[in-house]
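To begin, one chain is listed below as structure tokens, in the form predicted on its own.
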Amino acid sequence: MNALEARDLVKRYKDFEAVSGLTFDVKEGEIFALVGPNGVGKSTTLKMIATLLAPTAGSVSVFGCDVVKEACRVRELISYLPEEAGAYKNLTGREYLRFMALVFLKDGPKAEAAVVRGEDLCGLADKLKDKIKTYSKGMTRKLLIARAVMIAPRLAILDEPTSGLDIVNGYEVRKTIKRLAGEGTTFLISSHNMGEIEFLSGRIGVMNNGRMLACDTPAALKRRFSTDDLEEVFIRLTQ
């Protein structure tokens, strides 16, 4: 069974079609990257998969569960981190992780185990005792990524996961994603960082104007365009 299957997916707003017949799948345990210029439907696609937007047409299933008909079940299987996500600034980092663990897991022992995992994943150490309003953008992002994966989702949907992080912290987050994928978590990510995409992804789906232009491994895409540069592949496909 695939972790994710999208078939002929459409999202229309009055006269504007943000997503136009998108079809792709994500294998269980895979890191799949959805890339494309700004405004081509990537975030809309992620929100439909995360059950936040209803498709106009087509279908999406997550581990065999339809995102419209079985939305509650899908929400039990996934976590979703938007690019512009925020946190409750008057809570400490540790209080925030505990609150979110209870929201998602609704179980004392499981929630506490998730908090311990989140504390380790975010790497903020003693800063977890401080209020989030004192955090830098990068610290907040690390906390939010920990929140997204500490509950051990079967599918983690991450929109620009390392946005706001410096080189060192971005690298640490990418290593964590790789490790968690190796342990069985499936990832669907969107990023404008081609180096990040190449480091992380088993396959890449390149979008433009709401449609899938190509879907393959980084190596296969580079061979197709006779280049060693994934950015050149991106530019040639989208322009």
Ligand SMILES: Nc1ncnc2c1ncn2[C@@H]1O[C@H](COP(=O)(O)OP(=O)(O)OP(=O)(O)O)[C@@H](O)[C@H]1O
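Please read these numbers as outputs of a predicted model, since none were measured by experiment. Residue numbers here begin at 1 and follow the sequence given.
One more form of this protein, predicted together with the named molecule, exists but is not displayed; see below.
The putative spot formed by Asn38, Ser43 and Glu83 is fully lined by the named molecule in the predicted complex; each residue has a non-hydrogen atom within 4.5 angstroms of it. Remark: of stretches 24-32, 43-51, 173-181, 198-206, the one touching the named molecule in the predicted complex is 43-51 (heavy atom within 4.5 Å). At a distance threshold of 4.5 angstroms between non-hydrogen atoms, Leu230 is out of contact with the named molecule in the predicted complex.
Looking at Leu221, you'd find every heavy atom of it more than 4.5 angstroms from the named molecule in the predicted complex. None of the heavy atoms of Arg211 is located within 4.5 Å of the named molecule in the predicted complex. The named molecule is not drawn, but in the predicted complex it has a heavy atom within 4.5 Å of Glu160. Contacts of stretch 164-203 with the named molecule in the predicted complex, defined by any heavy atom lying within 4.5 Å, are made by His192 alone.
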